[in-house]
Structure formats: structure tokens, C-alpha cells
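What follows is one chain in C-alpha cells, specifically the form predicted alone.
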Amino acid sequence: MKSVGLIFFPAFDWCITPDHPEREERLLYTRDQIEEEGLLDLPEFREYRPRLATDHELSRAHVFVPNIRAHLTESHRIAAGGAIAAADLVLRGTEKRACALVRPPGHHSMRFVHGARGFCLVNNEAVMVEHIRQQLGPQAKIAIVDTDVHHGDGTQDIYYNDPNVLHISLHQDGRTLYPGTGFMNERGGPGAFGLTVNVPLPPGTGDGGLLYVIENLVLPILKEWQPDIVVNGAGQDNHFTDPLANMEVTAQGYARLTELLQPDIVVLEGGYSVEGALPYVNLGILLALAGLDYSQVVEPDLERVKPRQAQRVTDHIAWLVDELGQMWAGRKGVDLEAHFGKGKFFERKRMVYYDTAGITETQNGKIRLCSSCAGWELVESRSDRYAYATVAVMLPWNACPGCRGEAEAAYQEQISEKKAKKVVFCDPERDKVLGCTN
């Protein structure tokens, strides 16, 4: 049996609209179920309070345009702070594992934040991971396994070029579901190629398919990579009753996934079957985290619906796992010049749509191709809500002296040229975020 610390925050005063799927009832039914089953009376569980995340903690993971206070509510701060509080329970040895049942969710929130997208404004997991790294030091290795039905595109964006963060996302194929990304060829930047692993699952995937991926792909990768901390972004919208997706996973499947993965920290993401899924899925996850029997956790619609996984889905998942396993095994032998070029920088242009806020953002970015570290980055961002440019100059963890000098010079150059209204300098290893508004 394992001791589990529980952080619970339903965000009573925050919703997009009163009848929106992302509303406070998402967690209130879970709270009722936990109390009815007497979980908090068991010695394996203890509940703790969340806290407010500070501006500095949020700025480690995000560049807010025009600023933090233009977007954030207290609920967003508490959700992120609740994830940090869960991490501290594990880091300090207070509990063996921790679970942050908090909302609003966050895994669609990227490095730049012009507004909300996919119901997300603050990436709770990324804010938490940066807090963990400040505690454990620059060599700490963190694995994030995102099991939400939607691709964790925001988390991927933040850690795309970070060699000390492994990001694995299991999700419904982006050709059939928001946000339309998360394909197998999205494998990371030049400094972290191969450490982004996307598993685009076909619609109709059930317990068998999800667990096959965990056992035959995710666990072997984790065993080889040997992370210091494993985080599960536990979206619960793969459930067969979820109104926003097309999957066939049950509460038993989620519990078994948790039992196999053995995450140190679980952070709630999506899941919008408020009455039919979340109370039972959360109950199963918590029991599995504590090493307790979850075999009697059964949803009320299970016998009526009888979810099943078609053979063609099973066959496709077996092919996916084989292909991704080969890609993982061969990641170090890939010709990076073929992917990122031979010049001094790898440059890319991107357009990001904020579906919740109705904003379109354009980015021009470049990553220094460096043989000694992951390389510093410069990204210029603007949107149709905030048309002026915002520039971020970002150092990686374990930056080499050459990249540090170039990045500091680039930051000063951006300030002196005054081409951008806002210029930000991020130095995670020294835990500094500097900003200049022109």
C-alpha cells in the first residue's frame, strides 16, 4: 500500500459559461463519490490544501501577453498552485504519491499565452514541473505521460526542445479530434529529438488498446530513460460516455493504467462525462495509486453500453506500437541535419489558433543549433488581439557558456532596437525571468 496525498480544488467561482462542459460539477460529483466510499477515512489517504501560484512560478513556464493580470483569475492560480502543492508532498517525502484533482485544466496552454485555448489558460503540469526542477536541480529528468483524449499540444510546445523532459501523449488521432496535432512525426526539436512521443490512437480504442500501449511502449521507454519523477496528466475523456470524444475506455481501464504506470504525481486534465464517468474514474485512479483493490469500481452505464474495441482498432494499435518502438530505439541514429538543416539556427514559423478565445497567433522562432547544449531560442509572437510583437529569449537548462553569451546579447539587442513592445529573458537554471516593456 502507498500513501497518497490528495489536493482537491473544484473552482466554485470559475466556468466558461454555466452550462459549459468545463464547469464546477466536474469535480463536485467526484467529491461526493470519494466521501460516500469513505476514502478519506482510510489511512492511505490524506487531504491537503492547495495554494496560490505566484507570478514568478507562472512565468517560469509561460510568456503572458500583454501580462499575467490581463488573463488570470484566482482559480487559475489555485489550480497551478494545487499541482505545485501535490509535487511538494512527494518531493518532501510527506507522501509516497500525490494527486491534484484541480480545475481549470491546462495542457493546451503553450509557452506564449494570448488567451485561452482548449479551455486552458495556465499549463498546470508545466508550472509544476518547473517547480520540481528548481528543487531537484539542472540534471533532474522528468517524464510526463499525458493520457487525456486530446493531444497535449501545450505541454509539447513548452518541452519540445528540452532534453531533460520526456513527453509522451496518448490521444485520439488528431485527424478526428481537437487540436488536430500529435502525429508520430512530431518528435522534438534539435536539442531533444525523439523525446516527444505521440501515440495517435484510432477512435474506438478501449481498455485493451490503451493498456497495450502502456505495457508495450510506454513502460519500456520509461524503463530505458529512467526519469526521476513520473507525472501523469490524467485526462479522463477517453471514457466511453464522454461527450467530446469517441473512445471506449472504462474506469477499470483507467485504474489498471494507473497501477501499471505507477506515477509519482497525477494531475487532472480533461474529462466531461460529469456524472457517468468522472466519479468512478477518479475513484479507480485513487485506489490504484494507493495499491488498494479497485475491482468493484463500476460505472452505472457499463452493462447497458458494453463498450468494446473492434479488431481493426486492435490491429492498428499493434502497428502503432511497433512503429513507435522502432522510432524510439533509432532516435539517436537519426540524421539531425536532414531534419533541422546545417545552418547556425533552425527556424520555424507557426500559427496557433485559440479556439476558446477566438484568437489567431503567429510565431517566428529560431533555435540555436549547438553541439554542447540544447541551444537558446528566440521567438517573436503576435496575435490579432495583441498585434504588437512580443519577443522571448530563452536559455535552456544546462546552457553552455557560448549559448548563454549569445542569448544575453540577443536580449540586449532586442531591447535597444525596440522592435517589440515586450521583451522577456528566461534563464531557468538561475531561476530568473526578466522583462522589458518598450
Partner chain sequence: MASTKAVLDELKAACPLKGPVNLQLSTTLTTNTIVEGRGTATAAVVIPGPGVDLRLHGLDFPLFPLPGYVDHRGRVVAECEPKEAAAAAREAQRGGAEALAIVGKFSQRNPSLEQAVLDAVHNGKLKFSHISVGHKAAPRLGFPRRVVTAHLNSQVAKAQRKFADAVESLGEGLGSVRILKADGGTMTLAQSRSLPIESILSGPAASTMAALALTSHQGKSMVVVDIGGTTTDLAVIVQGQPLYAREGAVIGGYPTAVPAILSRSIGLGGDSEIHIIDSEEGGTRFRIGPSRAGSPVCLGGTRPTPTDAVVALGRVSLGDRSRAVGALKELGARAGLSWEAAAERVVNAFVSQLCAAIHKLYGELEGQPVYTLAEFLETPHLRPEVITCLGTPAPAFMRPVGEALQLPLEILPHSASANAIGAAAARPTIGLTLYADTALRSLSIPEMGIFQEIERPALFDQRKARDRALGKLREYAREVGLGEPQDMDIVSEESFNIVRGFYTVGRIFHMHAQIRPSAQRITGEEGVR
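These numbers were taken from a predicted model, which means no experiment stands behind them. Residue numbers count along the first chain shown, from 1.
Omitted from view is the form predicted together with the partner chain, to which the following refers.
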Given that the partner is absent here, does residue 11 sit within 4.5 Å of the partner chain in the predicted complex, heavy atoms only?
yes
Contact of residue 298 with the partner chain in the predicted complex (heavy atom, 4.5 Å)
yes
Is residue 25 a contact residue for the partner chain in the predicted complex, using a 4.5 Å heavy atom cut-off?
yes
Could you confirm whether residue 31 comes within 4.5 Å of the partner chain in the predicted complex, counting heavy atoms only?
yes
Name the residue from 279, 118, 191, 365 that puts a heavy atom within 4.5 Å of the partner chain in the predicted complex.
279
Partner-free chain; cross-checking the partner chain in the predicted complex, the single residue of 324, 84, 230, 274 with a heavy atom within 4.5 Å is 274
Location of the partner chain contact in the predicted complex, chosen stretch of 402-410, 371-379, 384-392, 51-59 [non-hydrogen atom, 4.5 Å]:
51-59
Suppose contact means a heavy atom within 4.5 Å; in the predicted complex, does that hold for all of 215, 224 and 261 with the partner chain?
no
Within 277-295, which residues come within 4.5 Å of the partner chain in the predicted complex, counting heavy atoms only?
279, 280, 283, 287, 292, 293
